[in-house]
Every structure is written in structure tokens, then in C-alpha cells.
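Only one chain comes next, encoded as C-alpha cells, the form predicted on its own.
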């Protein structure tokens, strides 16, 4: 805890330290959610580390902490919750305009809607307007950290990073690598795609709260040379992220097998090229077998679970029970625009519903996910999958000060439920089932101090 005496550190202005009073939702080391009533959350620059953004300096009962901060400016939210900002583990920011487009499946959807939409991002003005809208929507839905695909155009990456930096948000993104099996306008060339990737890493990775992600779209749209080059960059720049897709539907898997007959599985292709490691995040992971799941756990790669897009495109259902039993890192994701909403509550509800589907022919048994676990998968669990545990996704001392103000009585139905819920899990579940962006009264990001000035 930082005391009031420490606020006289020469690099910190008193105005940089702020307090927020409300009930507070947080997660313990076991991933269990807790709600503490009448708390004080103290945020500001860390005087020890001099980080560029606000962190949680102290949190706890208001009556206990207030004497340590007699002159602290405090914003009070009576009847509201302070909760960790949500973490979206996989999305496509250029695809907002194609949400809800009808299609029989993934591959036709890419051809008919996605590729034409992404081709427009060669225009910097177009890319900038879409990046700004995407970040506005994240904040409206309480998402403060996002791992997102850009397009194959450098302009799309520049637009998202520039807008995210101006907002002080933690955004991870990268240029989409695809040098084959995709149309003109989105297809890049092997050598230039890798040179552009390295240039963007050096330009943006680690600037304020931004991180670069090496981004092959998926195996079919990258040549052997492009995958090999991506793997070399992943080795050379160990602190960057890697993101792609794997095992989403049967047609895609068959396509990969025809291209890489030497590989035991779709996932193994990425492993052969050095693209499975900590800070690697693979969307979907529906049709993994036991060996694949063990490989994910051994390498530290994580699964981004996308329940709304998997249902919408008829791809299948992620096996939560198998993922947990094999100790895979995983978290929830919107996957817009295949996903049908940026609403985090809808994503959690879809995960709950799809986990309960019993598929005996696939050897998958139904499981019931607790409300606390669902929230963890979209906050602290997703942060852990990104190798950012203790950095984002929670409200504990040292975490970056990303949080949302939740109104648990935001709608008449939620207000009615709030009066009859007797446990925290009942309250969390009511929000999952009934909630939307109206629950998010405010979104606070850990704005870098230099921007706050």
C-alpha cells in the first residue's frame, strides 16, 4: 500500500492519485470471485517502478483505508460495483461492418463478406475511422484489453495503435499475414509481409500499453516460407504475442491436412514452425485431440474460446471439460465479426449454454460452468492466457488500473433480480443472463500519466 507520505515523491503529483468508493469485485489466487462491500480503490502512478500508467496502489475497506488518505479526492458510487475491466482474447477490428452477415459456414463467409470488407483498409482514412469506432465500442462494453486482428495492410495496424495510444488503452494487434489462397486486395507478398511485420514490431511493440502480435491468419492462407518467417520473428522477438486460428471447422481441417500431410494435426503445423509458445493465442480450438491439448499446455499456448461465432457459423462447440483437464490456458473472446456481439455478458452466456451441450459422438460430456468461473475467463483468466496475470484483469495492488463501474440494477429486470439474489454467484449469473452494455455505467482505463497531464 502507498501511504500519503509517499505521495510527496518528486515524480508524482497529488492530483495523479485518485480514489474510488463502491462495492468491489475481485479475484483471489484461485480464480474465485469476491465482492467486498464499501471499498476504497486508490489508483495512481507507481512511485517504485515509475510505470507509464496508473496502477492500483491500495484497495480494501473504506473505513480502514480512508485514514491513510485524508486529503485524497474520492469519487463515490453508492450502490454500484467497481470491477476489473474485461479482456477480449480474440477479435477482428476490421470486421465490425460484417457482423450478422448470413452464410452457410466459415469459408464462404470469408469469401463473401470478410475479404471484401478488409480490402478497404488500404485507405488510411477508412482504417482510422473504423479503429476509432472499434475502441469506442470496446469501452462501451467494458473491455479494456483486447487482442485483435488487423488486416494485411500496414495502414490498419497504424490506425489501431495510434487510436489506442491516444486513449491509453492496452491493445495488442498485428498485420495479418496471408500470401496465398486469398483474393487481390488482401493478399500480401511473402518477403514484404515479414519485413513489414518486423518494422511494425520495432515501431510499436512496448510503446505505452501497446503490444505487437505476429498474425498469420490461419495455415491455409500462409505459404511454408511465410510461416517459417513468422516463426523466426517469434523466436527473435520473444516478448511479442502470436495469434492465429486453429481447428475451427471440418472443412478447414481437411484443407490444412491436404497442404501439410506430414503434420500429425492442424495444431502441429504451428508447432513445426515455432509458433507455439507462451504468448501464443489460438482462436477456437474446437477439434483438438488429447495430444493437441497436452501440446498447448506444454508450450504455454492459450485457447481463445469464441462461443457466439462458433454457434453462428455452425462450427461446433469448445470442450471446456477437456481443456480444463489438460490444464490449457484459455479465456473468452467475442470474435467479432464472426461473433455476433461485443457484449461480454452475451459471450459468457453463450459459453455457459454451449458447455451444457452433450455430444456423445464426439466424446464430449456436458459441463456446467460456474458464474464466477465465467467472469474469470473474461477477466483475470484471459489476462493469464495473455501472460499478463497480475497486470490486467483484476483489481489487486500492482494491477494496472483498468476497471468498470457496474450498476447491478441497470434495468428493471436486473433490479428485480438484485432483490432476490442471496449469493454472489446468483448475482453474477443474473448479469450474465440478463445483462448488456447498460450494466457498464463507466469504463476507466489506466491512462498514462503523460496523457492525463
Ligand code: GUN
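Residue numbers count along the first chain shown, from 1. Model, not experiment: these values are computed from the prediction.
Not pictured, yet referred to below: the form predicted together with the named molecule.
Partner proximity in the model of the complex, defined as non-hydrogen atoms within 4.5 angstroms of the named molecule, places exactly one of 167-175, 154-162, 309-317, 225-233 at the interface: 309-317. Here is the short version: of 201, 135, 348, 106, the single residue with a heavy atom within 4.5 Å of the named molecule in the model of the complex is 106. Of the residues given (271, 193, 146, 95), 95 alone sits with a heavy atom within 4.5 Å of the named molecule in the model of the complex.
Among residues of the shown chain, residue 83 is not one whose heavy atoms approach the named molecule to within 4.5 Å in the model of the complex. Within 4.5 Å of some heavy atom of the named molecule in the model of the complex lies at least one heavy atom of residue 114. For residue 209, no non-hydrogen atom is located within 4.5 Å of the named molecule in the model of the complex, even though that partner is not displayed.
Taking non-hydrogen atoms only, residue 284 approaches the named molecule to within 4.5 angstroms in the model of the complex.
Here the marked residues 110, 217 and 335 all reach the named molecule in the model of the complex, each with a heavy atom within 4.5 angstroms. Contact residues in stretch 237-254 (any heavy atom within 4.5 Å of the named molecule, taken in the model of the complex) are 245, 248.
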